[in-house]
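One chain is shown next in structure tokens, namely the form predicted alone.
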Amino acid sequence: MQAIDELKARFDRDGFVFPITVMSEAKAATYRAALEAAETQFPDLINTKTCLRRYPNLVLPFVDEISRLPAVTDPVAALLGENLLALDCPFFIKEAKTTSFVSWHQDLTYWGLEGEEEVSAWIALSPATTKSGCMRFVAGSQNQTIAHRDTHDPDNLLTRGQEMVVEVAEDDAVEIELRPGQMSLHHGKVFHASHPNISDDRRIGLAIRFIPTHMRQVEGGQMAAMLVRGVDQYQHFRRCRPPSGLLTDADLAHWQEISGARNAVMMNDSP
């Protein structure tokens, strides 16, 4: 109980907590191997512009498995309650010695949700270090709402290259270094960003966007979500179904429908 109380207190104060070990490094290596095998087997279907960046849990069974692990969902349930939906599970992959980065932003400004009860679990499948471009947070910033602008910078990993219109003091940033198998949790409004990966290895992170089942989407939204823990008595989101295999035709058709609706929200000009 004390550990849960401490987690809640840190999350409420800072807008993030880390590191939380959710699996062994050996298990993380197994999941990484599954990802890279799928990349090799299906290069035209699975890449950073398609299935990896939107709902990979619909077509990759191991991603759906990770999203349901008690070691992952237990800390989230302590913050959001026992009934959890995964709104999306995008990979954020930076290849070694590349210029990809993430600008300072707040997630919930463009996600099409009515409330702010959201927790992102960022799970490292490779070392996330300062050198490899780990995430950076500004403690306490979740209590502010900042306007954003779109840049559409091709090196920016965000959908629209969105960035906050204010300058962030770099000295205020906390470097979120994680070993493979560890995760951080962060609030959807906390300021966060990351530098390019100048290391010799890929930086592979899986970001699971958890919301409680009572969360609503903005009027007219057609987004879907996956029930990963508890029950959904509200049905505010269309239901996703778990994958039946590895990138099957039926699952890809389901993914196309579900991802298209979320893309429409993510590219909308209004929050």
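Please read all numbers here as calculations on a predicted model, not as lab measurements. Don't overthink the numbering: it's just position in the shown sequence, from 1.
Another form exists, predicted together with a small molecule; not displayed. Remarks below refer to it.
Proximity of residue 135 to the small molecule in the predicted bound form falls within the 4.5 Å heavy atom cutoff.
Although the partner is absent here, residue 72 lies well away from the small molecule in the predicted bound form, with no heavy atom inside 4.5 Å. Among heavy atoms of residue 54, none comes within 4.5 Å of the small molecule in the predicted bound form.
For residue 197, no non-hydrogen atom is located within 4.5 Å of the small molecule in the predicted bound form, even though that partner is not displayed. Only one of 102, 80, 85, 113 comes within 4.5 Å of the small molecule in the predicted bound form through a heavy atom, and that residue is 102. Each of 107, 192 and 209 comes within 4.5 Å of the small molecule in the predicted bound form, counting any heavy atom. Of the stretches 200-208, 28-36, 214-222, 236-244, only 200-208 has residues with a heavy atom within 4.5 Å of the small molecule in the predicted bound form.
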